[in-house]
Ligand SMILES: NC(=O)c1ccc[n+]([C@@H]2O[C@H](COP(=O)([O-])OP(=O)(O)OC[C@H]3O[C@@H](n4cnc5c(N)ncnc54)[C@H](OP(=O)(O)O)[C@@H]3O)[C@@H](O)[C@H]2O)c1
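First comes one chain, alone, set out as structure tokens in the form predicted on its own.
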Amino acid sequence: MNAVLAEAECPRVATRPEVAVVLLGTGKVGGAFLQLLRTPAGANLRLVGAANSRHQQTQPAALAERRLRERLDAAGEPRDDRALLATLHGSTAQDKVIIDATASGELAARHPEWLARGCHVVTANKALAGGEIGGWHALQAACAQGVHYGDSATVGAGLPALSALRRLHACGDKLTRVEGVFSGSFSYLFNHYDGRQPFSTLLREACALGYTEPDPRADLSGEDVARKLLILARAAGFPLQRSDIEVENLVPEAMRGVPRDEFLGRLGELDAPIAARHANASGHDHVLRYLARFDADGSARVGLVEVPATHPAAHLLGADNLFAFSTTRYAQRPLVIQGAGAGPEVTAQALLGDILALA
């Protein structure tokens, strides 16, 4: 009896099966993921291939090196996706995963193909799920074959926004509105901007801290936020398209097509328009926030908004993201999810979490 009780109190923990992994993209997020592989959480993951845009590595000894990312930057086998996939399919592991840690639209378009070939796909790449509706439908059809598509890192860098929304939808709750701050760079900029220093100074600071893309127009255009809004609306059952979203681009039209270095040299041209918007908001005891919003009637907008002190986004800190879901069951007060929504470490953790969910 005592032995039975002891076993009941201390149940045996099943050993997780080995998972074979190919990593595409060894930039900041991919590099952080490689670090996680060396922790106990990544113990059952076997890296069988890794590649950047030019080089790849499939040799076990080289893949085990701590400076793999740096070595791939300097040299390696020429990039050959067929060879990478052949190595993955040649693995004896039951579960085979392709990790897309890039922002490549070309690679994202191949996600349905990889899924159809029996590989799970885990990604931070929004280009397919947040792109044209045809790509979204192709992705859903491929996922219906019993493979896993891990996309937690595409929205909120792993905050449980997508998973919470899908759970509500699966339980029959209906989304009536989603609103929030979906960009870590925009969050940082407008949480800190108080009109006392030029907006361009703050933007340069955000660039230096790594909160923006190397060309900050990628952030200021609002297109990244629009993609996240598309992913969320579609996860809730709405076939939203990019043409349905009004997007406010904070880059003056005259600066959108110039070379990056010229744009960076003309950042001061952003100051007066933002200062005027800030002064107007302050006159109403409001603050500026770059918000995304979708309503069940189909209206959708991404852009700069004046919000009162009572708004959930008014008191964000740092580069936090915020997602507020109003539904038929969360009608009086929205369900709010808030936290760090940017950064290579939390994004890499979201990728790892999606892989571990396979087991």
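Note that residue numbering follows the sequence shown and begins at 1. Worth saying up front: this structure is predicted, and the values here are computed from it rather than measured.
Missing here is the form predicted in complex with the ligand; even so, the following discussion is about that form.
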4.5 angstroms heavy atom contact with the ligand in the predicted complex for residue 322: no
Even though the ligand is not shown here, does residue 329 get within 4.5 Å of it in the predicted complex, heavy atoms only? no
Proximity of residue 117 to the ligand in the predicted complex, heavy atoms at 4.5 Å: no
May I ask you to check whether residue 52 falls inside a 4.5 Å heavy atom distance of the ligand in the predicted complex? yes
If the criterion is a non-hydrogen atom within 4.5 angstroms, does every one of 187, 191 and 307 touch the ligand in the predicted complex? no
With the partner omitted here, the residue among 233, 165, 121, 153 that in the predicted complex has a heavy atom within 4.5 Å of the ligand is 153
Tell me, which of 278, 217, 126, 96 has a heavy atom within 4.5 angstroms of the ligand in the predicted complex? 126
Note: the ligand not shown here; in the predicted complex, the stretch from 249-257, 99-107, 171-179, 192-200 having heavy atoms within 4.5 Å of it is 99-107
Contact check, 248-273 vs the ligand in the predicted complex, heavy atom within 4.5 Å, ordered by sequence, gives none
